[in-house]
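Next up: the same protein chain in two forms, each one alone, written as C-alpha coordinates (structure 1, then structure 2).
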Structure 1
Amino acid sequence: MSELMACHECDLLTRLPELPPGGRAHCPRCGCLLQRDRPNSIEKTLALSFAGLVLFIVAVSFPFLAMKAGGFEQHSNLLTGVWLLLEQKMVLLAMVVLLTCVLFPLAGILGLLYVLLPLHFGRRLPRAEVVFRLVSHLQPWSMMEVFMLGILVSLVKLGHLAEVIPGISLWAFAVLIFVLAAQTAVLDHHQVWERLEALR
(Lines of atoms letter the chains of each structure in order from A and count residues from 1; the text may use other names and numbers.)
(Lines give C-alpha, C1' and ligand atoms only; values in the text may rest on other atoms or scores of the structure.)
Protein backbone atom coordinates (compact mmCIF):
# COMPACT_ATOMS: atom_id res chain seq x y z
CA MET A 1 0.00 0.00 0.00
CA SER A 2 1.26 3.50 -0.82
CA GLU A 3 2.29 5.74 2.03
CA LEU A 4 0.34 8.54 0.43
CA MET A 5 -2.93 9.49 2.08
CA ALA A 6 -5.61 11.98 1.04
CA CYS A 7 -6.72 14.33 3.83
CA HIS A 8 -10.29 13.60 4.95
CA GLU A 9 -11.05 17.33 5.20
CA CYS A 10 -9.19 19.15 2.40
CA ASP A 11 -8.19 16.25 0.07
CA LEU A 12 -4.49 17.21 0.13
CA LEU A 13 -2.38 14.22 -0.85
CA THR A 14 0.23 13.76 1.89
CA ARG A 15 3.09 11.32 2.34
CA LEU A 16 2.76 9.81 5.82
CA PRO A 17 5.90 9.77 8.00
CA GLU A 18 6.96 6.82 10.16
CA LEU A 19 5.04 7.31 13.38
CA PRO A 20 6.72 6.84 16.77
CA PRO A 21 4.79 4.84 19.42
CA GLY A 22 1.69 6.86 20.27
CA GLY A 23 2.53 9.43 17.57
CA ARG A 24 0.13 11.24 15.26
CA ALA A 25 0.30 12.60 11.72
CA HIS A 26 -1.61 15.75 10.78
CA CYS A 27 -2.44 17.32 7.45
CA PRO A 28 0.14 20.09 6.74
CA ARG A 29 -2.54 22.29 5.17
CA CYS A 30 -5.61 22.07 7.46
CA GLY A 31 -4.22 20.28 10.53
CA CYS A 32 -6.73 17.41 10.32
CA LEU A 33 -5.65 14.20 12.08
CA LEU A 34 -4.59 11.75 9.33
CA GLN A 35 -3.11 8.83 11.22
CA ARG A 36 -2.57 7.81 14.84
CA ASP A 37 -0.37 5.00 16.08
CA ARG A 38 -2.49 2.41 17.88
CA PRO A 39 -0.24 -0.27 19.40
CA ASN A 40 -1.61 -3.85 19.16
CA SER A 41 -4.69 -2.57 17.38
CA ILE A 42 -5.47 -5.91 15.69
CA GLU A 43 -5.12 -7.94 18.90
CA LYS A 44 -7.25 -5.49 20.92
CA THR A 45 -9.93 -5.42 18.21
CA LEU A 46 -9.91 -9.23 18.08
CA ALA A 47 -10.39 -9.51 21.85
CA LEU A 48 -13.27 -7.02 21.76
CA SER A 49 -14.82 -8.85 18.77
CA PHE A 50 -14.81 -12.17 20.66
CA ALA A 51 -16.31 -10.44 23.71
CA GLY A 52 -18.91 -8.83 21.45
CA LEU A 53 -19.82 -12.18 19.89
CA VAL A 54 -20.39 -13.78 23.31
CA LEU A 55 -22.49 -10.81 24.47
CA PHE A 56 -24.46 -10.88 21.21
CA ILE A 57 -25.31 -14.58 21.67
CA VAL A 58 -26.48 -13.88 25.23
CA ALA A 59 -28.48 -10.84 24.06
CA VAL A 60 -30.49 -12.81 21.47
CA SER A 61 -30.80 -16.08 23.43
CA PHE A 62 -32.17 -15.00 26.80
CA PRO A 63 -35.26 -13.00 27.88
CA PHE A 64 -34.96 -9.30 27.18
CA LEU A 65 -37.85 -7.98 29.24
CA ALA A 66 -40.72 -9.37 31.27
CA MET A 67 -43.91 -7.51 32.11
CA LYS A 68 -46.21 -8.33 35.02
CA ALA A 69 -49.70 -6.85 35.31
CA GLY A 70 -52.88 -8.24 36.88
CA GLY A 71 -51.41 -11.70 37.40
CA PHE A 72 -50.34 -11.88 33.77
CA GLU A 73 -46.66 -12.17 32.91
CA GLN A 74 -45.11 -11.97 29.45
CA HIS A 75 -41.46 -12.53 28.49
CA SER A 76 -39.88 -11.37 25.27
CA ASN A 77 -36.46 -11.37 23.66
CA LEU A 78 -34.98 -9.38 20.79
CA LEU A 79 -36.27 -11.62 18.02
CA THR A 80 -39.76 -12.07 19.48
CA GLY A 81 -39.92 -8.27 19.67
CA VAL A 82 -39.33 -8.14 15.91
CA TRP A 83 -41.98 -10.82 15.42
CA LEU A 84 -44.48 -8.84 17.53
CA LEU A 85 -43.90 -5.78 15.34
CA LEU A 86 -44.63 -7.92 12.27
CA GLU A 87 -47.85 -9.16 13.88
CA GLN A 88 -48.85 -5.54 14.46
CA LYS A 89 -48.41 -4.95 10.68
CA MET A 90 -45.40 -2.66 11.32
CA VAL A 91 -43.27 -4.40 8.71
CA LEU A 92 -40.95 -1.47 7.96
CA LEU A 93 -40.19 -0.86 11.64
CA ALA A 94 -39.62 -4.58 12.19
CA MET A 95 -37.14 -4.69 9.31
CA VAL A 96 -35.30 -1.61 10.58
CA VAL A 97 -34.96 -3.13 14.06
CA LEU A 98 -33.90 -6.50 12.64
CA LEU A 99 -31.28 -4.98 10.34
CA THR A 100 -29.82 -2.24 12.55
CA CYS A 101 -29.94 -4.05 15.91
CA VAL A 102 -29.37 -7.69 14.97
CA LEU A 103 -28.05 -8.42 11.48
CA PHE A 104 -25.69 -5.46 10.85
CA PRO A 105 -23.96 -5.67 14.28
CA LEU A 106 -23.60 -9.45 13.89
CA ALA A 107 -22.23 -9.08 10.36
CA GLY A 108 -19.74 -6.48 11.64
CA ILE A 109 -18.48 -8.74 14.43
CA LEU A 110 -18.20 -11.83 12.21
CA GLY A 111 -16.61 -9.83 9.38
CA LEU A 112 -13.90 -8.46 11.67
CA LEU A 113 -13.20 -11.95 13.02
CA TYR A 114 -12.95 -13.26 9.44
CA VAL A 115 -10.37 -10.61 8.53
CA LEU A 116 -8.42 -10.07 11.75
CA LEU A 117 -8.06 -13.58 13.16
CA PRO A 118 -6.03 -14.87 10.16
CA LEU A 119 -4.05 -11.60 10.11
CA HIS A 120 -3.04 -12.20 13.73
CA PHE A 121 -1.45 -15.49 12.58
CA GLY A 122 0.12 -13.93 9.47
CA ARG A 123 -2.48 -15.26 7.04
CA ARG A 124 -5.11 -13.78 4.77
CA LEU A 125 -8.40 -15.43 3.80
CA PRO A 126 -9.96 -15.08 0.31
CA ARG A 127 -11.81 -11.81 -0.32
CA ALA A 128 -10.68 -10.39 3.02
CA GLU A 129 -10.49 -6.89 1.46
CA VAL A 130 -14.11 -7.10 0.29
CA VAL A 131 -15.26 -8.25 3.73
CA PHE A 132 -13.30 -5.51 5.52
CA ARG A 133 -14.67 -2.85 3.16
CA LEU A 134 -18.21 -4.18 3.75
CA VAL A 135 -17.69 -4.05 7.53
CA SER A 136 -16.56 -0.42 7.24
CA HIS A 137 -19.71 0.44 5.25
CA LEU A 138 -22.04 -1.37 7.68
CA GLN A 139 -20.63 0.23 10.83
CA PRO A 140 -22.60 3.53 10.58
CA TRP A 141 -25.84 1.56 10.13
CA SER A 142 -25.56 -0.23 13.46
CA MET A 143 -27.97 1.71 15.68
CA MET A 144 -28.10 -0.37 18.84
CA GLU A 145 -27.71 2.70 21.04
CA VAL A 146 -30.80 4.29 19.47
CA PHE A 147 -32.75 1.08 20.14
CA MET A 148 -31.47 1.08 23.74
CA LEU A 149 -32.59 4.68 24.20
CA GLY A 150 -36.06 3.74 22.95
CA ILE A 151 -36.21 0.88 25.44
CA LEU A 152 -35.28 3.16 28.33
CA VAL A 153 -37.99 5.64 27.35
CA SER A 154 -40.52 2.79 27.15
CA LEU A 155 -39.47 1.51 30.57
CA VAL A 156 -40.11 4.93 32.11
CA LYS A 157 -43.52 5.23 30.41
CA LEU A 158 -44.66 1.69 31.28
CA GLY A 159 -43.32 1.79 34.82
CA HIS A 160 -46.64 2.94 36.34
CA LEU A 161 -48.78 0.54 34.26
CA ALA A 162 -47.00 -2.73 34.89
CA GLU A 163 -44.01 -4.21 36.65
CA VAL A 164 -41.19 -4.31 34.13
CA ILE A 165 -38.44 -6.84 34.85
CA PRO A 166 -35.19 -6.45 32.88
CA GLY A 167 -33.76 -9.76 31.68
CA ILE A 168 -30.13 -10.83 31.37
CA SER A 169 -30.35 -10.10 27.65
CA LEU A 170 -30.99 -6.41 28.34
CA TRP A 171 -27.81 -6.12 30.42
CA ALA A 172 -25.80 -8.04 27.80
CA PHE A 173 -27.18 -5.73 25.10
CA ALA A 174 -26.18 -2.63 27.11
CA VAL A 175 -22.62 -3.91 27.66
CA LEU A 176 -22.42 -4.93 23.98
CA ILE A 177 -23.00 -1.31 22.94
CA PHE A 178 -19.93 -0.19 24.91
CA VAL A 179 -17.83 -3.12 23.67
CA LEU A 180 -18.64 -2.31 20.03
CA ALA A 181 -17.87 1.37 20.63
CA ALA A 182 -14.48 0.40 22.10
CA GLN A 183 -13.89 -1.95 19.15
CA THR A 184 -14.46 0.92 16.72
CA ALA A 185 -12.13 3.19 18.72
CA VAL A 186 -9.17 0.78 18.79
CA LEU A 187 -9.44 -0.49 15.21
CA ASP A 188 -6.66 0.93 13.01
CA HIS A 189 -7.96 0.68 9.43
CA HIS A 190 -4.66 1.81 7.94
CA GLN A 191 -2.75 -0.95 9.74
CA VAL A 192 -5.24 -3.60 8.58
CA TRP A 193 -4.97 -2.48 4.94
CA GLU A 194 -1.16 -2.50 5.21
CA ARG A 195 -1.14 -6.07 6.58
CA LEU A 196 -3.61 -7.25 3.92
CA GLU A 197 -1.48 -5.68 1.17
CA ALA A 198 1.70 -7.24 2.53
CA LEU A 199 0.13 -10.73 2.47
CA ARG A 200 -1.00 -10.58 -1.16
Structure 2
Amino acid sequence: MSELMACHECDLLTRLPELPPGGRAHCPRCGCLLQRDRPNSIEKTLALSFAGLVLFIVAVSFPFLAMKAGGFEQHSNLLTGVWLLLEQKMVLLAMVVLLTCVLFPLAGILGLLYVLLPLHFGRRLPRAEVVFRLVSHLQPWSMMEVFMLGILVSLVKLGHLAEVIPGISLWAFAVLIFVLAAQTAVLDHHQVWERLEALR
Protein backbone atom coordinates (compact mmCIF):
# COMPACT_ATOMS: atom_id res chain seq x y z
CA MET A 1 0.00 0.00 0.00
CA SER A 2 1.57 3.25 -1.07
CA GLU A 3 1.57 6.24 1.23
CA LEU A 4 -0.87 9.12 1.12
CA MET A 5 0.79 12.53 1.16
CA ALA A 6 -0.34 16.15 0.92
CA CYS A 7 1.67 18.47 -1.32
CA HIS A 8 3.16 21.13 0.96
CA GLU A 9 2.85 23.78 -1.73
CA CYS A 10 -0.72 23.19 -2.98
CA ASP A 11 -2.27 20.78 -0.44
CA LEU A 12 -3.27 18.17 -3.07
CA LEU A 13 -3.56 14.65 -1.68
CA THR A 14 -1.52 12.14 -3.66
CA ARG A 15 -0.65 8.50 -3.30
CA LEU A 16 3.10 8.29 -3.60
CA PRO A 17 4.20 5.64 -6.10
CA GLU A 18 6.92 3.15 -5.26
CA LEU A 19 10.02 5.04 -6.39
CA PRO A 20 12.54 3.35 -8.68
CA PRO A 21 16.23 3.81 -7.70
CA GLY A 22 17.06 7.49 -8.07
CA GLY A 23 13.44 8.28 -8.97
CA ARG A 24 11.49 11.37 -8.01
CA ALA A 25 7.82 11.94 -7.31
CA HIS A 26 6.34 15.30 -8.24
CA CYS A 27 2.98 16.78 -7.33
CA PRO A 28 0.68 16.21 -10.33
CA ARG A 29 -0.98 19.58 -9.80
CA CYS A 30 1.78 22.11 -9.04
CA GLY A 31 4.93 20.17 -9.93
CA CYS A 32 6.56 20.52 -6.53
CA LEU A 33 9.08 17.80 -5.67
CA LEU A 34 7.37 15.51 -3.15
CA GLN A 35 9.88 12.78 -2.65
CA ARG A 36 13.12 11.48 -4.04
CA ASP A 37 14.70 8.08 -3.70
CA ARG A 38 17.93 8.49 -1.78
CA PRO A 39 19.53 5.12 -1.04
CA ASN A 40 21.68 4.87 2.12
CA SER A 41 20.76 8.46 2.89
CA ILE A 42 21.58 8.27 6.59
CA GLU A 43 25.01 6.68 6.14
CA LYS A 44 26.01 9.07 3.34
CA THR A 45 24.84 12.09 5.33
CA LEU A 46 26.79 10.86 8.34
CA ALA A 47 30.01 10.45 6.35
CA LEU A 48 29.61 13.96 4.88
CA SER A 49 28.86 15.44 8.31
CA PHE A 50 32.09 13.98 9.72
CA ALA A 51 34.06 15.32 6.76
CA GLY A 52 32.31 18.67 7.27
CA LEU A 53 33.27 18.80 10.95
CA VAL A 54 36.96 18.17 10.21
CA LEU A 55 36.99 20.82 7.46
CA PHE A 56 35.22 23.22 9.76
CA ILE A 57 37.86 22.85 12.44
CA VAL A 58 40.58 23.45 9.86
CA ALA A 59 38.71 26.47 8.47
CA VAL A 60 38.47 28.26 11.82
CA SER A 61 41.95 27.44 13.13
CA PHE A 62 44.24 28.35 10.25
CA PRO A 63 44.99 31.63 8.41
CA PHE A 64 42.28 32.56 5.96
CA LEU A 65 43.62 35.33 3.73
CA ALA A 66 46.65 37.58 3.80
CA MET A 67 47.16 40.86 2.00
CA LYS A 68 50.52 42.27 1.08
CA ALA A 69 51.14 45.86 -0.05
CA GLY A 70 54.03 48.25 0.25
CA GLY A 71 55.92 46.32 2.90
CA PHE A 72 52.82 45.79 5.05
CA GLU A 73 51.23 42.44 5.54
CA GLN A 74 47.74 41.97 6.93
CA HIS A 75 46.65 38.49 7.97
CA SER A 76 43.13 37.48 8.72
CA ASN A 77 41.30 34.40 9.85
CA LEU A 78 37.69 33.48 9.32
CA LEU A 79 36.56 35.56 12.29
CA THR A 80 38.72 38.69 11.87
CA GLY A 81 35.97 40.50 9.99
CA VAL A 82 33.47 39.76 12.74
CA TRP A 83 35.77 41.16 15.48
CA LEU A 84 36.53 44.29 13.45
CA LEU A 85 32.82 44.88 12.86
CA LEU A 86 32.31 44.60 16.61
CA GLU A 87 35.07 47.18 17.12
CA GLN A 88 33.16 49.48 14.78
CA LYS A 89 30.12 49.05 17.06
CA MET A 90 28.22 47.19 14.34
CA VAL A 91 27.13 44.51 16.77
CA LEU A 92 24.05 43.42 14.85
CA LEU A 93 25.97 43.07 11.61
CA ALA A 94 28.76 41.12 13.30
CA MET A 95 26.13 38.78 14.75
CA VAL A 96 24.52 38.24 11.34
CA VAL A 97 27.85 37.28 9.77
CA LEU A 98 28.87 35.12 12.73
CA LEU A 99 25.54 33.29 12.74
CA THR A 100 25.11 32.74 9.01
CA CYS A 101 28.72 31.80 8.21
CA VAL A 102 29.92 30.03 11.34
CA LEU A 103 27.40 29.16 14.02
CA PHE A 104 24.41 28.01 11.92
CA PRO A 105 26.47 25.78 9.59
CA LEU A 106 28.29 24.32 12.61
CA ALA A 107 25.03 23.76 14.49
CA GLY A 108 23.66 22.02 11.39
CA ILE A 109 26.61 19.62 11.22
CA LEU A 110 26.57 18.87 14.96
CA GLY A 111 22.78 18.49 15.01
CA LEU A 112 22.84 15.99 12.17
CA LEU A 113 25.58 13.99 13.91
CA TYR A 114 23.52 13.98 17.11
CA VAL A 115 20.46 12.63 15.35
CA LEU A 116 21.93 10.39 12.65
CA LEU A 117 24.83 8.67 14.41
CA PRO A 118 22.59 6.95 16.98
CA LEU A 119 19.98 6.35 14.27
CA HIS A 120 22.54 4.40 12.28
CA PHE A 121 22.87 2.04 15.24
CA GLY A 122 19.11 1.85 15.71
CA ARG A 123 18.99 4.23 18.66
CA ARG A 124 17.46 7.57 19.40
CA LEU A 125 18.96 10.14 21.77
CA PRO A 126 16.66 12.31 23.91
CA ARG A 127 15.12 15.29 22.08
CA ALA A 128 16.31 13.98 18.71
CA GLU A 129 13.05 15.29 17.15
CA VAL A 130 13.63 18.80 18.48
CA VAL A 131 17.22 18.79 17.23
CA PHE A 132 16.27 17.53 13.78
CA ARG A 133 13.48 20.09 13.54
CA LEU A 134 15.94 22.86 14.40
CA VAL A 135 18.39 21.57 11.81
CA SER A 136 15.75 21.84 9.07
CA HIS A 137 14.83 25.34 10.21
CA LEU A 138 18.46 26.49 10.23
CA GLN A 139 19.23 25.18 6.77
CA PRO A 140 18.25 28.27 4.72
CA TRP A 141 20.12 30.50 7.20
CA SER A 142 23.45 28.85 6.66
CA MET A 143 25.06 30.88 3.87
CA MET A 144 28.63 29.72 3.45
CA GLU A 145 28.37 29.48 -0.32
CA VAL A 146 27.19 33.07 -0.47
CA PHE A 147 30.15 34.02 1.71
CA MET A 148 32.43 32.27 -0.81
CA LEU A 149 31.02 34.43 -3.60
CA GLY A 150 31.68 37.41 -1.35
CA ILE A 151 35.32 36.32 -1.05
CA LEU A 152 35.68 36.08 -4.82
CA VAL A 153 34.20 39.54 -5.31
CA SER A 154 36.51 40.96 -2.63
CA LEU A 155 39.55 39.36 -4.23
CA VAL A 156 38.81 40.97 -7.56
CA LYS A 157 38.10 44.24 -5.79
CA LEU A 158 41.44 44.19 -3.99
CA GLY A 159 43.41 42.63 -6.79
CA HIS A 160 44.71 45.93 -8.15
CA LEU A 161 45.58 47.31 -4.69
CA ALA A 162 47.62 44.52 -3.28
CA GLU A 163 48.67 40.93 -3.50
CA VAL A 164 46.19 38.63 -1.79
CA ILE A 165 47.49 35.29 -0.54
CA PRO A 166 45.00 32.51 0.22
CA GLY A 167 45.57 30.50 3.42
CA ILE A 168 44.90 26.85 4.27
CA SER A 169 41.63 27.84 5.89
CA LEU A 170 40.31 29.26 2.63
CA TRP A 171 40.85 25.96 0.82
CA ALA A 172 39.21 24.02 3.66
CA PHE A 173 36.32 26.46 3.49
CA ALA A 174 35.91 25.97 -0.27
CA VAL A 175 35.82 22.18 0.08
CA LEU A 176 33.45 22.49 3.04
CA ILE A 177 30.92 24.25 0.83
CA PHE A 178 30.85 21.30 -1.57
CA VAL A 179 30.59 18.86 1.32
CA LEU A 180 27.66 20.77 2.80
CA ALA A 181 25.92 20.98 -0.59
CA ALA A 182 26.33 17.23 -1.03
CA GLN A 183 25.02 16.70 2.48
CA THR A 184 21.87 18.68 1.71
CA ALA A 185 21.40 16.68 -1.48
CA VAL A 186 21.65 13.23 0.11
CA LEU A 187 19.72 13.92 3.32
CA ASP A 188 16.27 12.32 3.19
CA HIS A 189 14.13 14.06 5.82
CA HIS A 190 11.27 11.67 5.25
CA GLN A 191 13.39 8.63 6.01
CA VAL A 192 14.83 10.22 9.15
CA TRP A 193 11.35 11.04 10.46
CA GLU A 194 10.15 7.52 9.77
CA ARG A 195 13.13 5.96 11.53
CA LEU A 196 12.72 8.32 14.49
CA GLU A 197 9.03 7.46 14.73
CA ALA A 198 9.72 3.72 14.63
CA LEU A 199 12.17 4.05 17.54
CA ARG A 200 9.76 5.75 19.88
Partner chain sequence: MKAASMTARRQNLVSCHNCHLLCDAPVPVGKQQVACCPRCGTTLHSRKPNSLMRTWALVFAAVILYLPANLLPITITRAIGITQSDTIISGVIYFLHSGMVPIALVIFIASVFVPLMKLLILIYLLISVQRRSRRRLVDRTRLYRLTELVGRWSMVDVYVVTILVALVKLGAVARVDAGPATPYFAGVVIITMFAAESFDPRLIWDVMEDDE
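Definition used throughout: the rigid core is the maximal C-alpha set that superposes within 1.5 Å between two forms. Structure 1's sequence is the ruler for residue numbers, which start at 1. Here the structure is a predicted model, which means the values were calculated and not measured.
Between the two isolated copies of the chain, the form predicted on its own corresponds to structure 1. Once both forms are overlaid on the rigid core, the distance between the two CA positions of residue 185 between the two structures is under 2 angstroms.
Once the rigid core is used as the reference frame, the Cα position of residue 98 differs between the two structures by less than 2 Å. Taking the rigid core as fixed, one finds a CA shift for residue 120 smaller than 2 Å between the two structures.
The rigid core superposition between the two structures gives a CA shift for residue 16 of 3.6 Å.
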